[in-house]
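As structure tokens, one chain now follows by itself in the form predicted alone.
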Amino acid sequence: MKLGILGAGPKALAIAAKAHVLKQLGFAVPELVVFEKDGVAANWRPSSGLTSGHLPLGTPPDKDVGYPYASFLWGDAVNRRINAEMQAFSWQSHMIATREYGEWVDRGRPAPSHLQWAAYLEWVARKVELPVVAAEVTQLELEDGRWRVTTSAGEHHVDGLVVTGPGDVRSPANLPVHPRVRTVADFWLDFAWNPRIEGRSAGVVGAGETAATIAAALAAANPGLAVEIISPQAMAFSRGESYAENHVYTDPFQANWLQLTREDRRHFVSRTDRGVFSVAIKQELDRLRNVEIVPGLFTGVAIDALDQVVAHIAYAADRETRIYDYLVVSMGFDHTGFVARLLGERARAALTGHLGAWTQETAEDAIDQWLAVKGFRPRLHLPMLAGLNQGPGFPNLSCLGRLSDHVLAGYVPIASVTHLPQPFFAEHDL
């Protein structure tokens, strides 16, 4: 049996490390095939266009590929062995192996940069001998009850598929092609080449962490530049970081996530993850005198006769235009659009027929305990869309060890089910 994984980032490494440990303990695990054209941890490097590489990791590095080291699916005694064996792939073990652990502790356990995090993921990949197909995936199609993954280097057939990564960058359909109008996809590439921006003003569209880091980078590198964050929420809210909030990300079951109403779950995610700034970046923005928040919903951008960037925004009943010398559109990522772009004709028709429509809402509503589209075979695992149904930590780095259990449990026979929480695996159909 083969399990395919699109992307060689933290989620893929978490699954690979857990599969490695399970195999060592005698479990029959699927053969993994990882598809990544740009190499391990590509999205954490400047070449991805998603980061400068020097940005601090927003999640504590202790929340590594094994976190929270609380496997609960494989039998009590075996779970303890798994948790112990997984520590060989921990952030601390990496720091010890590179002789940096003491210095890291003495410096107060600072957040690593994205490049340092990428180095950790590469270290894990080497330890598990991650099988990577270094080619671009061009299509995902159904064929004889399996997924046919077409790449620039050939075809592969797998029995289940995990799609990771942030997805496509969201941007307005009518975004003008102009050197002073940028999206996240090309901002960091430009900034790495030349952080100095000509002009007096810059706008950043977005209310999330990515928009905040872009605004902070622009303002710090250009003290004479007035930077405005255009936020539909009218304020820059910081992420909730209390024990109660963090624990929901680590263990949604103990935190009774599934007992909350859908409305409360959505509100929780909005308050703690989407459209909010981390405490660290909020503090950095507070120190920068040349950053302001502009309330409004971004509705479009145009280039006027004077070659000025004109942003159109709406707030309540008001409509206004704001003129900038430079504009960055940071409106988040579209995971369902990314998947839809790759689906072949049969796969698209099958998923649409199964769900009624292929949208973010229908996909989120259908994510089951294996972080896959419920009832669809062969399985299509979409952890980036699992937050609403299964727990808010699955789309990010908050519970990678738990994520790996959920995915692999659909393929690896479980030693004992007598102690497992019900009805979590009442539908287990290996």
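The shown structure was predicted, so the numbers you read here are calculated from the model rather than taken from an experiment. Numbers for residues come from their place in the sequence shown, where the first is 1.
Below, we turn to the form predicted together with a small molecule, even though it does not appear here.
Original post:
Honest question, do 42, 338 and 395 all end up within 4.5 Å of the small molecule in the predicted bound form by heavy atom distance?
Top reply: Every residue of the candidate spot has a heavy atom within 4.5 Å of the small molecule in the predicted bound form.
Original post:
Exactly one stretch in 355 to 363, 301 to 309, 157 to 165, 285 to 293 has heavy atoms within 4.5 Å of the small molecule in the predicted bound form; which is it?
Top reply: In short, 157 to 165.
**OP:** Select from the listed residues 123, 104, 253, 333 the one whose heavy atoms reach within 4.5 Å of the small molecule in the predicted bound form.
**Re:** It is 333.
**OP:** Note which of 373, 50, 32, 385 lies within 4.5 Å of the small molecule in the predicted bound form, where distance is taken over heavy atoms; exactly one does.
**Re:** The option sitting close enough to the partner is 50.
Original post:
At the 4.5 Å heavy atom threshold, is residue 37 in contact with the small molecule in the predicted bound form?
Top reply: Taking the distances in the predicted bound form, the answer for residue 37 is yes, it comes within 4.5 Å of the small molecule.
**OP:** Mark residue 175 yes when one of its heavy atoms lies within 4.5 Å of a heavy atom of the small molecule in the predicted bound form, and no otherwise.
**Re:** Residue-level check for residue 175: no, no contact with the small molecule.
**OP:** Mark residue 410 yes when one of its heavy atoms lies within 4.5 Å of a heavy atom of the small molecule in the predicted bound form, and no otherwise.
**Re:** No, no contact at 4.5 Å.
Original post:
Counting only non-hydrogen atoms and a 4.5 angstroms cut-off, does residue 3 reach the small molecule in the predicted bound form?
Top reply: Contact check for residue 3: no, nothing within 4.5 Å of the small molecule in the predicted bound form.
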